[in-house]
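Alright, two takes on the same chain below, each alone as structure tokens: structure 1 and structure 2.
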Structure 1
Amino acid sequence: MLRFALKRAVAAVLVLFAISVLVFLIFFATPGADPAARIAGRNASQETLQQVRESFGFDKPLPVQYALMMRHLFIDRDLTSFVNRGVEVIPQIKQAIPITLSLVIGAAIIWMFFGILMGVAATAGRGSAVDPLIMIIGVIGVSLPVYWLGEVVNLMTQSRLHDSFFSWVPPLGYAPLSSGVWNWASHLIMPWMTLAVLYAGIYARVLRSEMVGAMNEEYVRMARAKGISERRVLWRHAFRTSLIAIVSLFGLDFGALIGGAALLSEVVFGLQGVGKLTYDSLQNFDLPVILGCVMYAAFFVVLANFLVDLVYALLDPRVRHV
């Protein structure tokens, strides 16, 4: 087991390294992508371009540039923004993390609750109208563009119904937990719900198909033959075995969202989280911030993958020998 974990850890580090190189290449070595030109502006003269190249170190060979940037990011931890010179990258990311965490954890609780509820209810309601109805709701949830749903929610809560039903919804933005629990939560309830709609749909669909599969297994027939109640079969036998698929999916989705995949929700609801920071830095072509954010995001995705693999190997010893 330890050997398996070590092998996986090494692979994870290699993937992180490859991602850092990939991002670096995307921004520095794509044909026609000249960071100096982006920083200097559209109509910059040749001299200005040359100045920019020298002052940002773009005239050095690519591997040297890469090594320098990585040293500043990970060893000296003093990488600074290209656009707002003097502003360090790492504190910016640190500042954004609590906002993203608040958004994603709240949304995750809601979507796990509704996803499991819908998946189990659909399985239990097979053969009746309940199952197709829940699955249609799930499909609609999966098919709605999340940013659009966010804008419609804003339209309702900030404008159309703001004077009546949604008068308790504060203006867009984030309030830290230290300003009071209700103040914090009321700012986030709408973003939570919006983000959860998509994932609740996905989880309900995955859980239902897993559980329907499990209901046809021998051990479920056995449990029934023993005379166990249908409810107990559903929860103790079908649900528990199907949970493995949900948990591994959850690990990956949660990792990606913490890493900034909630970007669209953050942009729409004006939350200055990691996703929004990434987006803003991309708009300004602020390479050090982009690199910092992407490495941060990749770290969480790789970590989630690693943990999921590990949990799998713990549950199923056969995996360790692959």
Structure 2
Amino acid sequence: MLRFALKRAVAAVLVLFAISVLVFLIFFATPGADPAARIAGRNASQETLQQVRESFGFDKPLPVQYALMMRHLFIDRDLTSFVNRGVEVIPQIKQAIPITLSLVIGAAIIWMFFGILMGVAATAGRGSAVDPLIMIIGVIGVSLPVYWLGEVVNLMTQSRLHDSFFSWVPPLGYAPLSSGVWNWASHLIMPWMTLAVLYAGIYARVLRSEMVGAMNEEYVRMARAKGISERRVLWRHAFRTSLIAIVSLFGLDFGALIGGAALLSEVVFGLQGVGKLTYDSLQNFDLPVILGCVMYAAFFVVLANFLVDLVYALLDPRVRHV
């Protein structure tokens, strides 16, 4: 198991290195993408551009530029924005991380709970009206765009019904956990529920499909022949086997959302998370912030895949020899 983990860790580091090189080449070495022009501003003279290139090391060979950029980002941690001069990149990302983590972790707990509950209930209720009813609810959840559902939720909770049923819902935005658990959670309950609606439906359908397939396997038939109860067969055999697909799906979704894929939810509910920071930096073509956000997102996606591989190896020992 240790050897397997070390192999996956080395592969993760190599992937992060490859991503850093690719992002650097795209934004700093693509013909026509002159970082010096972004810093110097419009109508800058050639003398000014040359001074900027020398000051930031843009006149050096590409490998040297890459090394300098990575040193400023990861070692010195003093990489600054090209648009907001003097504003460092790392503090901006650090300020956005707790917001995105709070949003995604809370939503993940909700969607995993209801996704598993709905998937197991649909499997147990095969042949009755429960199964299609749960699947229809799941399809509806998957079909609702997050930005549209978020706007409807805001319309109800912030305007139409705010003075009656939802008077406890605070204004849009984020409150840190240090301000109190209830104040923090009350700002995030609606974003949590909105984001969880989409994923709960997906996980319910995936789990139901996996469990139905497992229920028809030979080892499940053998378990039934031994007189094991249907409930135990459902949980002990079908559910446990189906967890591999759920773990894989959860790892990819969670890593992507932490890395900024929760952008629409952050925008709709006024949360200044990593997704919103990445979007704003792309709008301004702020290369250092883009680089920092992409590396942050890549780290969490690679970390999520690494952890999924470890869980795979624990659930199925055959994976360790692959």
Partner chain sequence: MAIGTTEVLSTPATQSAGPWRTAWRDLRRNKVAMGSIIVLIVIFAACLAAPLYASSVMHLDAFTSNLDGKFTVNGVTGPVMQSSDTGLGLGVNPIGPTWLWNNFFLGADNQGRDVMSRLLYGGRNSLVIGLVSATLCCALAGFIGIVSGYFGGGLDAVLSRGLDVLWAFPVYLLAICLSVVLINQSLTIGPITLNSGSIILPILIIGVIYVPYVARPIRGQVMSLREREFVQASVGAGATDARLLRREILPNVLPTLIVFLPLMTAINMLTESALSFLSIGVQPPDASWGTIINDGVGLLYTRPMVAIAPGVMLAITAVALNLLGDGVRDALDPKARLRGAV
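Here, residue number means position along structure 1's sequence, counting from 1. What we label the rigid core is the largest C-alpha set whose atoms superpose within 1.5 Å from one form to the other. Every value quoted in this text rests on a predicted model; they were computed, and no experiment measured them.
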| task | Choose the one of the two that is the form predicted on its own. | result | 2
| between structures 1 and 2, rigid part identical for residue 102 and residue 240 | yes
| remark: The number of degrees by which the smaller rigid part pivots relative to the larger between structures 1 and 2 is 13
| task | Enter the rigid core superposed C-alpha shift of residue 55 between structures 1 and 2, rounded to one decimal in Å. | result | 8.4
| note | Core-superposed C-alpha displacement of residue 66 between structures 1 and 2, in angstrom, equals 5.2
